[in-house]
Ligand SMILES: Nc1ncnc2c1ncn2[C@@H]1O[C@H](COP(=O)(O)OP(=O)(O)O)[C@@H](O)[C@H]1O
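Let's start with one chain on its own, the form predicted on its own, as structure tokens.
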């Protein structure tokens, strides 16, 4: 389903700031896999997602998604297949547009038969589309289905992140990338958004990669866990191995195998 082979990228090559951000990374995901990735700052986690999504162009290696080689494909074309959430709840949605309008744009994303702005901004949503949006947003159980005309900029961080999650999955993506998407939320809200995430991923069998600094979260969700350090995959655990691990054991293994230190945030989480 997803094959990342010998992926490498160097930032600031040939300068004093040269850094090997990814060093010969290989990773395989089957359909429906939900992989969590942990590692210290600078381990290469977000860089890996940026290469998969097309934000960065890798120096070496290749990326195959659903049988198609995509490493030379432009980012906006990959976006038709890849849904992505970022740490900042303000990314991924338009604050001056309503909940309904944001969902409408996401719903029509990647539809080559229609021009998004021409059809949506001039004609708007059909009655059936509006009912579909209301039904979808009600699944979040946040009461947003009664606030479809509310501008997104008026929502809380948790509500906005949940909305962005729905926008990213309203047309089931081939691959979902979650880049610390609960890190900026308070613990109670983060727990709610994570429960919603797991529900959507499992119900729709979406192949997913999630970066998190929360070791407990990485152990609790998904069927595989990958540990990265210095641009390399340090360790990988399957579901059965993951279920036997504690946070303390993961920290001990990491310190024994890595020259990097876990961040204070990971330890506190």
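Treat the numbers as computed from the prediction; the structure is a model and nothing was measured. Numbering follows the first chain given and starts at 1.
Note that the form predicted together with the named molecule isn't included here; everything after this is about it.
- In the model of the complex, residue 25 stays away from the named molecule, with no heavy atom inside 4.5 Å.
- Using a 4.5 angstroms threshold between heavy atoms, residue 19 counts as touching the named molecule in the model of the complex.
- Under a 4.5 angstroms non-hydrogen atom cutoff, the named molecule in the model of the complex has residue 12 among its neighbouring residues.
- In the model of the complex, the named molecule lies farther than 4.5 Å from every heavy atom of residue 61.
- Of the candidate stretches 63-71, 43-51, 196-204, 213-221, only 43-51 has residues whose heavy atoms lie within 4.5 Å of the named molecule in the model of the complex.
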